[in-house]
Ligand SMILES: NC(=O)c1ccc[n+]([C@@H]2O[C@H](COP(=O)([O-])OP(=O)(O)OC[C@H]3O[C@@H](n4cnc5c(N)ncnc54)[C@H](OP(=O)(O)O)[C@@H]3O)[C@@H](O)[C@H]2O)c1
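Shown here is one chain on its own, the form predicted on its own, set out as structure tokens.
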Amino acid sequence: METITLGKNGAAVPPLCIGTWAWGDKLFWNYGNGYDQQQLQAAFTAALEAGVTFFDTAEIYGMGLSEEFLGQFIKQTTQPVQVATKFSPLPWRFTAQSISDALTESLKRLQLQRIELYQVHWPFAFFLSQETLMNTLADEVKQGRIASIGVSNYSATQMREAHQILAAKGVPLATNQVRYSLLTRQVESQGIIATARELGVTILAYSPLAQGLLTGKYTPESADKPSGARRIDSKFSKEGLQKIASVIFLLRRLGEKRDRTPAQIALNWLIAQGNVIPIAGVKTAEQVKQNAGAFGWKLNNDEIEELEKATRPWLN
């Protein structure tokens, strides 16, 4: 099984991660309407069967339910599972103890003694300084409750600052989780990808299918209308879909040549960048199986270059 290391010396994980934002979340994903715990359990099992043992969650997903479900499912398997979760720097958290307490609660919900990757969910920390935050996390690494430290939505400058604070404590920054897909390539033009490579930080790419746009499911002519938040997103309007039609056509053409879906081609392009792990959100076993078809093979250099050229308008 192909693996990628989290940072310079973190865990070796599959080149694809399962995202669990929808696990228990009613606000954005309407949990309980069309899918429930039974479907999530099946998705978890399907992931392990496909060799995808890396899961990303957060304390705020489903108000803790995502972590709880993941913890319950892990207890029912003997297979090693790598878990990444996230700390939310909320306004009332401004002390080192509040960080440690949040970690304790996540560990309880996950029913784990140690988390493979503990990430700061966003850089704006209200009354909590980056020094307090990173130094406390570094202490937790030394105490053994965290294996590696990550950040999320950090700019190149913010990532470098976090890296420097941790380095002074002898702890590397392992990851930065950012929005990254063929249709959201701003992290390249903003220097985040280059800085991550320089610092030895692995990129975790969330929304790697651009909220479903890269699946090919939505087209200007399609009768398949977007639901939920997508209904008011201009990218899913007829005009928005016409703008990406050439990219979808290319994904379909490459997919037909390789007997792969457009989504699998899009995910493989991210993996091919090197030092990048896409996080594919799932609700069902079928979605897991589809996403798992994105690894275990490689686009060739010409195909990677063709996709890069076709999506240059989305660099900015």
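One rule holds for the numbers: they count along the sequence shown, beginning at 1. Bear in mind the structure is a predicted one, so any value in this text is a computation, not a measurement.
The form predicted together with the named molecule is left out here; the points below concern that form.
Q) Can you check whether T219 is within 4.5 Å of the named molecule in the predicted bound form, heavy atom basis? A) No - in the predicted bound form, heavy atoms of T219 and the named molecule never come within 4.5 Å of each other.
Q | N153, heavy atom within 4.5 angstroms of the named molecule in the predicted bound form | A | Although the named molecule is absent here, N153 would touch it in the predicted bound form, with heavy atoms inside 4.5 Å.
Q) Is T215 close to the named molecule in the predicted bound form, meaning a heavy atom pair under 4.5 Å apart or at it? A) Yes, T215 sits close enough to the named molecule in the predicted bound form that at least one of its heavy atoms falls within 4.5 Å.
Q) Can you check whether A210 is within 4.5 Å of the named molecule in the predicted bound form, heavy atom basis? A) Because a heavy atom of A210 falls inside 4.5 Å of the named molecule in the predicted bound form, the answer is yes.
Q.
Looking at 89 to 97, 108 to 116, 159 to 167, 199 to 207, which stretch has residues with any non-hydrogen atom within 4.5 Å of the named molecule in the predicted bound form?
A. Only one stretch passes the 4.5 Å heavy-atom test: 199 to 207.
**Q.** Heavy atom distance at most 4.5 Å to the named molecule in the predicted bound form, all of Y61, Q177 and I279
**A.** Yes.
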